[in-house]
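Here you get one chain, nothing else, as structure tokens; it is the form predicted on its own.
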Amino acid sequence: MKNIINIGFIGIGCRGQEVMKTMLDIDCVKVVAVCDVYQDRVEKGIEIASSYGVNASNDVKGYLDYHEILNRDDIDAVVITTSWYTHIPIAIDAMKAGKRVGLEVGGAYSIQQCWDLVKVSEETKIPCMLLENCCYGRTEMAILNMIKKDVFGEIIHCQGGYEHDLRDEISCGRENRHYRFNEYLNRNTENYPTHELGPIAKYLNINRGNRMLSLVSMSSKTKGLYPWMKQHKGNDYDALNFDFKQGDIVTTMIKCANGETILLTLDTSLPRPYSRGGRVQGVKGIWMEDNNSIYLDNISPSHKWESFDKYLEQYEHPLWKKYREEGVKSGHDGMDYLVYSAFAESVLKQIDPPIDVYDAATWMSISCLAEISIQQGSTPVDIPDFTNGKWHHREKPCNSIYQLDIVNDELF
């Protein structure tokens, strides 16, 4: 078995550069090719891949057309960190070219492209992994461990949010060549669902014994960007006259086959501290992220919240125990390194990734489905079963320390 994998990077904006640096800290990763539509970003990618990490390369090639990366026989996998609307089309082309795919997060633009992603992966037998880093957050993995150990009992309801003040990133999108400006100008939807939905889907065994059936999405009015632009860009800033479509708050309620409900919140254009708004509620207790609190029936003081801190220590996921002993790496408090390590392992060992193409299609589909629901006056919309019925009887997941569908303490 080879001990080095050659990666091609497609998309070298700010996020792409961060992802590349973190991946280059992984022992088995070597970046041999980079691509972006902007030449200066290509040059930056070459600089990073040539000088950073344990496997810096002396022969990194740069391209403006990603097809040139896909045509290379020496590349084992590609990582796609481009604008949201190009994610799935590039992933499909990559799988057709025989390249394993690591796909950065975002929402889909049509149900058809989600089906196409699944179909091409099934036909080519090439895996596609959604690089949802929040599935590997320390707290999220501790909650996963607690759920698998039945601490909360049968789960009834989960909540999560992408609650992040991005007014500067959105408003300055044109000068910084960031796609969010046009997204907020032209779409109104739950545009970034997977940060909150990814961990929840693993809590609820979505696509492995459970699935999401339908959703209803509702959008608030659009007011949050204008005061920020007026204050920071001045009264003459042309975008003050633009009709941004994206609502300031979008809430999406999802019903699952096994009876659970999920509430997602998008909140990115109003002033607020960052939060992923996590909440898990079962018949034995409840956890809430925003006040770092937990209440367990017959364990916690009667009707009083406890700090989650001692439970985080008690139920630390074994992967995070190992990780903290070895030294937590960079990237969103360390979770980036774990999700990219999971992807690298799947490529190196030629095994199924822990977040597979069915997860990718299901989670990303929420964006286009929420858009439809909002356009239709917040009517219910069915969520397709991208497994085509396999969720009832999926094959056993790969035995890996990065596995998210089970917690196997014996591997550590």
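Heads up: residue numbers just count along the shown sequence, starting at 1. Just so it is clear, the model here is predicted, and its values are computed rather than measured.
As for the form predicted together with a further copy of the same chain, it is not shown, yet the points below apply to it.
Colleague: Of the listed stretches (282-290, 141-149, 323-331, 112-120), which one has a non-hydrogen atom within 4.5 Å of a further copy of the same chain in the predicted bound form?
Modeller: Answer to the contact question: 282-290.
Colleague: Which pick from N235, N298, N186, N71 sits with a heavy atom within 4.5 Å of a further copy of the same chain in the predicted bound form?
Modeller: When a further copy of the same chain is considered in the predicted bound form, the option within 4.5 Å is N298.
Colleague: Which listed residue (Q231, Q314, N241, S307) meets the criterion of a heavy atom within 4.5 Å of a further copy of the same chain in the predicted bound form?
Modeller: Selected option: Q231.
Colleague: Report whether the minimum heavy atom distance between T194 and a further copy of the same chain in the predicted bound form is within 4.5 Å.
Modeller: Although a further copy of the same chain is absent here, T194 would stay clear of it in the predicted bound form, with no heavy atoms inside 4.5 Å.
Colleague: Find out whether any non-hydrogen atom of C172 is located within 4.5 angstroms of a further copy of the same chain in the predicted bound form, and reply yes or no.
Modeller: Contact check for C172: no, nothing within 4.5 Å of a further copy of the same chain in the predicted bound form.
Colleague: Against a further copy of the same chain in the predicted bound form, would L130 count as a contact residue? Criterion: heavy atoms within 4.5 Å.
Modeller: Outside the cut-off, so no.
Colleague: Within 4.5 Å, heavy atoms only: does K125 come near a further copy of the same chain in the predicted bound form?
Modeller: No.
Colleague: Given a 4.5 Å distance limit between heavy atoms, list every residue of 354-393 close to a further copy of the same chain in the predicted bound form, or none if there are none.
Modeller: Stretch hits, in order: G377, S378, T379, P380.
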